[in-house]
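What follows is a single chain, given as structure tokens, in the form predicted on its own.
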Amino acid sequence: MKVVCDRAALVEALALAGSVVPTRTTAPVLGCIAITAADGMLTVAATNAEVGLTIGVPQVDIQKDGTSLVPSDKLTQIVRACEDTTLTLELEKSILHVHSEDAHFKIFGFDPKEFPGVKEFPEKASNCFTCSAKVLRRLISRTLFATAVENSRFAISGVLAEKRGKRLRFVATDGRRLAVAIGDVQGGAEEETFIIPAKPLQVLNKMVDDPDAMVSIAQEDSQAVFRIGEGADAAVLSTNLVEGQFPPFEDVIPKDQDKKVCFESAELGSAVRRAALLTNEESKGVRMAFSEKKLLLSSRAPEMGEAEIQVDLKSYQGDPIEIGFNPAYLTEALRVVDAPEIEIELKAPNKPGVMKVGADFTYVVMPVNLT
């Protein structure tokens, strides 16, 4: 193998592939990246036995085909450290030579036959459907933050994907809040349901940076496979699905809220962040006092101080109410809202609040006791 490639493009591909590589493993080949030059294309591939990724590297000159299997960390460190605009990669037996204008590195690798391989996109899958990268990125960003970190209930450590006709719904919860996002898709089976682990969704969110790219999604053999782009240079991510039953969430979404308030999203986000400055582990909550025209946010932390922030309301329906929320849960949701306005629905101080952006995003959050 001999390839001359753009260093910046190679760095980007190695960073994405490296996010799949496990930091600790008893199988050395899983800590490696496979680099393949064939048919005028250079691809890098990585897997941790549960998640696999293949991504093409643009701006390359393939002088000789071949495959190299080398440790991910060392190759990435070397390529990043080089300052040239182009690098030459040349394989000699199992040694990968990296040449820059003033440096030469030798990386001792493994036999490429030891690489377990990465699942290819199932072209003939009958349940394959597509959506734009913009839609998928929005679905991921609006739900991923609400997944459970702990694994005591393993199914909620992932995001539920439900396809119903031409609508794809992502759902995430950690037991204290619930995020639901909906987007448009085309093709595929009429109904599909599966749970995607959080880690591959983090990687996928980085891959769908071109909003105009099309993403194909297929479920096969207890795996979900995503293809970003089309043609030979398309990137492919595959992941094992989460086993188990996602908790029933429809009943968690309140239907009888009688207080509705409309905000400018950026203004509310700024106010909550400022009120959160004077909270601590003992007093995590921010008090929100709603009246006809104003919202007063207040917080206090013993031996630290107090804060009060006023926010003008665009509209308010219902009686005055005071309710407390963990500000982190509000700011995380507001951070992923890309709409200028947001609506909050409330019922009582001990009942969950509901944040909405049209019909495409619903966020349910439990209140905190401020007494």
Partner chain sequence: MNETQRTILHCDLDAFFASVEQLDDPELRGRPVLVGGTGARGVVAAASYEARVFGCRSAMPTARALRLCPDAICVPGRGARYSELSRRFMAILESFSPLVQPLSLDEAFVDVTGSRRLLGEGRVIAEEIRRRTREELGLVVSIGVAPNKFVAKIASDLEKPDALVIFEEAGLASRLASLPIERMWGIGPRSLPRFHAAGIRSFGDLQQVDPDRLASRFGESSRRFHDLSHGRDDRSVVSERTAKSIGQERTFAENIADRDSIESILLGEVEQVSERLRRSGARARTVTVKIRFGDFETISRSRTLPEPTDLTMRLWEHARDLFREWARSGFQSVRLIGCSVSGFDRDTQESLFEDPEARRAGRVDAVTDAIHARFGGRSISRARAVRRGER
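Quick caveat: nothing in here was measured; it's all calculated off a predicted structure. Residue numbers count along the first chain shown, from 1.
The form predicted in complex with its partner chain exists for this protein as well; it is not shown, and the discussion that follows is about that form.
Not one of Val70, Phe121 and Ser238 is positioned with any heavy atom within 4.5 Å of its partner chain in the predicted complex. By the criterion of a heavy atom within 4.5 Å, Ala198 is excluded from the residues contacting its partner chain in the predicted complex.
Within 4.5 Å of some heavy atom of its partner chain in the predicted complex lies at least one heavy atom of Leu178.
Within 4.5 Å of any heavy atom of its partner chain in the predicted complex lies no heavy atom of Asp256. The closest non-hydrogen atom of Thr173 lies within 4.5 Å of its partner chain in the predicted complex.
Stretch-level contact analysis of 98 to 106, 126 to 134, 204 to 212, 281 to 289 against its partner chain in the predicted complex, using heavy atoms and a 4.5 Å limit, identifies 281 to 289. A heavy atom within 4.5 Å of its partner chain in the predicted complex is found for exactly one of Asn326, Thr331, Gln59, Asn48: Asn326. With the partner omitted from this view, the residue of Phe145, Phe249, Phe194, Phe115 that lies near its partner chain in the predicted complex is Phe249 [heavy atom within 4.5 Å].
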